[in-house]
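Considered here are two forms of the same protein chain, supplied as structure tokens in two stand-alone entries, structure 1 and structure 2.
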Structure 1
């Protein structure tokens, strides 16, 4: 087993098996780091807690909901607005955050009375919103406040409102993935099956595991709708609370992020017999393959529409992707996401953009994530589970990447050592899903690597030799020397608009009529 030990972690023997380098001819049987284990004390992890995984990742993207945390203000503040979970209702869930603001006195004397008062005040302040999610924190869990009982009292006192309680305190798992599991199971136990949806098409799905970062979910649902498929619910990006209560009526669960949402898909299959189909929404080839898989589930009519969509989108955007790929070829990147992008992107970004993935990591991935990620990685890639800042710095010094694809915390550290980064948690200029979205990612990667400012920042004027008389270099001046002369043209740079999402809202689609119910009157 080709384990890699970081020098900074030599005094932490428990970290010995958390990083591997994929050697020639090796597969997951010989190159798999340990994952989803408790963080080793002293490593200063970048992980989030289970509460964060429940509220921040999955709960908050629901758009027509008051999201109330029962705990200290810091918990809800830390999970507010750090991801761009946009929605088509004027981003209500991004504009406001709610907390009971527990203090020491509430820990001593209890906070149920305050919680009830806060719920009433929130509904009074926003009478147009009659749905709420309540999130437990470490503080409210430790003192045993009965949030379920309070929620039942409120719903009895205020007919018409509905409240979902998520008991996922921060200590409820090894990382945020523990919260993913808890909110998945709580939702299907308490809310699925309590609303009957309006069926508009003979083909229906739930789109699961997409959180609509800068519009990702809306791009994908547009494809499905153009194929004649009705999306009953979206778990949970741009998702409506009541639509998500009707998940039991879909013909198929289309799953994007298996790490955060496979639990509810598995339960829907067990309880309602709904099949699960895993897809990749990133990359031209994988996206085309995914749309065809969904279409083939429903039959020839959907297949023909899917083919037409794929042909149209590829013809429009492939030349622009190729323009960037020629200039990105051979550039080294570290793919350091939180979870599933570890394996969603590991090979397709190499194949379609020409870059070399020299490292992958996951903060909360399970063994299955590393199995898929390392299987798709190239030889020589360094895979790390739950890295800390010192290990990341050491990896960057060893690998010397041209760009880091990660979140803000490790990304800002990379900038300090003059390595550009792209925020692939909240995105720089997304959406990145869909055919055009993939070109937007290539554009942002190109702009980061060939930024004249970053190029200048990489020079250490105290010791590096550098030219002083050549003036300011543009991106194309930096990127084009390696491009063959016959391919030096600029007409296929990204030509899309800044906003490619909002024009989809309110769009009308032609759905095939649903089949009449078997027990319907003749």
Structure 2
């Protein structure tokens, strides 16, 4: 059996089938960990709750909305300002968060009246915003407040206002994933189909499952727009509430993070017949393939434009990607994200950057994610579902990776055993999507692995016979020891700007004219 038992978890029968090592010649039929099951309490899991999956991951990237949580202030406070999902609306969604401040008296006597007052106060404070998302928390779920009824009352009292209610309390599922599911379904049930979009192009899509981390979504929509495709809505990065109510009108759903957003695509297919196309915005080959897939769905003119974009971008950025790939070759990394990046990145990062993915893990992935991820992994990779602190440490000791791609706090754990980390959730210096973005990831990986500072950390000045008289080390002294300066070709190190997103805002695009609707005359 390929199941891997961690020494630290030998005593936990419930953890037996949550880790596998992909053996020689094995495929996913012989190696698949369990996923999306209840957490073993006390393991020091890295999982979050369903509320954060709904409100923090999927809801809050919407940029023109008052995001209000009905409960004590902690849920709101703790999840606020812990992600880097930016928007072109002056980051309203990052700057403002709302909590109803449930106190003991509300728990005893009910909090609906107070909720109502809260909603009015929030709209009064921000008269320019007339959309709201309202999130249940553990406390409001357990006392049984009818948030839907209150939202309906307010919408009657304040015409022009629209409120979305999401009932995903923290305990509602194994992890964040419970909340992803609930908010997807609540949105399609209650909001999709309530707004008719302005159709500007012959080709329309929803871009789904991208949360605009450091501008990812804006990079991708720029490509689509340049291909003549109108992006009706973004679910939900840089997304607009009313655009997302018009999702039913798109010709195609282009899906990125299937873990968090496949539910809505599947529902759109069932209810409106909109096809779903899964793509990868990461990696040169996968991205090129993805843009071509989207283009081919629409037509030859679109394909030509996509080809032109790909040719131009690859020519511009490939030499720089290769410069880093040459130096990253053979370096071992652990790919430890929340969910979808384990399969988005598993093989493309190996193929295009030369690194070896020695482990993948997922905090809230399902078996399907491991199916995709492990299929894309190479032999020997260790896959872990719902990892905990000790297992992650044991894995790092066993695999001796050169860099961990994970979140901030686990990154601090790795630091102490002298392994640098890259933030795979919020990114270091992203965006990482797009051709240039992929080079930025290679650059950040290189900078992490060949950091002269981490190099210093290994020296024990009390014992080691270390070299003296050296005032500094450069990254290339570490990555290319002894190579003469003129042979380094440092002109191929990343040459892009620090901010590659802002300049895209307000850009004008030409769209092929939409075909007149068949029912236009009626």
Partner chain sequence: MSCEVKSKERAGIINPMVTCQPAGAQYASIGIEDCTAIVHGGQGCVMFVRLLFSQHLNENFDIASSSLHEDAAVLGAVHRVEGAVDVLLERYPHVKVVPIITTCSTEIIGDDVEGVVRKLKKGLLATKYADREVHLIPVHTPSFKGSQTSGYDAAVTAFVKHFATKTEECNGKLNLITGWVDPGDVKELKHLLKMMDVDATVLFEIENFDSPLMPDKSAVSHGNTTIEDMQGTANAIGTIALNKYEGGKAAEYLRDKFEIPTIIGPTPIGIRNTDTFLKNISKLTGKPIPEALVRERGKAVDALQDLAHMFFADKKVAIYGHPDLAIGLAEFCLDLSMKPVLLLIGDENPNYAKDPRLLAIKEHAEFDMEVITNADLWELEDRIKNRGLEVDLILGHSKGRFIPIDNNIPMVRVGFPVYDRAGYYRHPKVGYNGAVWLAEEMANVLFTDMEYKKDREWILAMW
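Throughout, rigid core stands for the largest set of C-alpha atoms superposing within 1.5 Å between the two forms. Numbering follows the first chain given and starts at 1. Everything quoted here is computed from the prediction, not taken from an experiment.
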query	finding
Form predicted on its own - structure 1 or 2	1
Cα displacement of residue 483 between structures 1 and 2 reaching 2 Å, rigid core superposed	yes
Threshold 2 Å Cα movement between structures 1 and 2 at residue 458, rigid core reference	yes
Residue 470 C-alpha moves between structures 1 and 2 by 2 Å or more, core aligned	yes
